[in-house]
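Presented as structure tokens, the chain that follows is alone, the form predicted on its own.
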Amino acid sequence: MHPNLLHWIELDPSALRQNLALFREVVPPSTRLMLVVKANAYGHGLEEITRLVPTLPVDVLGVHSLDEAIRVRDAGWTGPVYVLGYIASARLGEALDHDLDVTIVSPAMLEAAEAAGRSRGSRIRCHLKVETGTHRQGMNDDELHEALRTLRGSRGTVLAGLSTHFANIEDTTDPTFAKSQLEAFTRRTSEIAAEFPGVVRHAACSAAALTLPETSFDLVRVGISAYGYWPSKETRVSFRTRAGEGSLRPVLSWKTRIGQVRDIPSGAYVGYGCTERVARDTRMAVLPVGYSDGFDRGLSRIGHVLVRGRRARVLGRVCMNIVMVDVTDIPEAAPEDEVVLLGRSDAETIDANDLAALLQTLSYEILARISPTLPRFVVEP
């Protein structure tokens, strides 16, 4: 499809629409959907995904950093953007320049936002992060009360939202701890929401929206599942137990091409460190991809890629810019053949969960570490 390229990403917008449609079905009609595009849209390409948003059932975009928010604006999105991570005090005024909502994690950060807003003669829209048990960023009861005192007399900030984050909702089919966090959030924010009409309450990530509908409140933050992956096996089990069958389709395919095909005699070593010695006469394909592109070094000798619809095992160590694979049983493999690193080739599929299982990590990490420098293309099926 891209004969002049050796290495690229393809994005399927129909899969993205299908995945978001599932959330539109399971959350209340009045609940808004946030598409989280932090970490380069989970490796998919922040600008590429942002430009698709007008065709999606999405109300808000969520990013982690101020710089990501500016990229979203530069990509053309004029709707609401929430910055979910910390912003340095000296840059809080830029939230007004780019019409952003910011997450406030401490009374000190709110004071800095207040000063920034006053200095510009306007008010920064703030979402207070409420600590409910994750003990990451957020405010306890005393800090929350201090922040509210500031907001009641504010001339530089306005309370736009209240948020929290669940600790283990992805990792278990037992919702006990998540429900305790939900109760704490509801208790701490109900009176605040009554005092500040129109405040947006949001707690649910993908897993929470799929497994505990009562977490939806006013807005749901959809991350990994928008891109076609269940947050965990437990999430999938819980959802299907509660709601029946539901499917997600990976949006991203990661591809390269064979750069060279070589014949290696039985007993020869392959690659750095002499860690692989072939036990038969071997036909080897050399691929122009490596760990600098996000193809993890941990896949050395155990990973697979897809060549002409068949699996080819990684030989030796994954290099910075090169991977060697065994194509002995794929005799027709030839230079510049397309190779699938993630995605489908004929009846075979490799997805981020497959690589995550080999590397004992998460699909999130596999996707987010794909190099942002690779060209990304939107491909309608």
Ligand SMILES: Cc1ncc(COP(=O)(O)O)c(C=O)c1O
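Just count from 1 along the sequence shown to find any residue number. Keep in mind it's a predicted model, so treat the numbers as computed, not measured.
The following text describes the form predicted together with this ligand, which does not appear among the structures shown.
Site annotation in the model of the complex: the residue of 249, 98, 136, 297 reaching within 4.5 Å of this ligand with a heavy atom is 136.
Proximity to this ligand in the model of the complex, defined as a heavy atom within 4.5 Å, holds among 130, 284, 84, 116 only for 84. Though the partner is left out of this view, residue 206 does reach within 4.5 Å of this ligand in the model of the complex, counting heavy atoms only. Contact check for residue 223: a heavy atom falls within 4.5 Å of this ligand in the model of the complex. In the model of the complex, no heavy atom of residue 314 sits within 4.5 Å of this ligand.
For the chain shown alone, residue 32 is not a contact residue for this ligand in the model of the complex, no non-hydrogen atom being within 4.5 angstroms. Of the stretches 198-206, 153-161, 173-181, 262-270, only 198-206 has residues with a heavy atom within 4.5 Å of this ligand in the model of the complex. Contact annotation for 11-43: residues with any non-hydrogen atom within 4.5 angstroms of this ligand in the model of the complex are 36, 38, 42, listed in sequence order.
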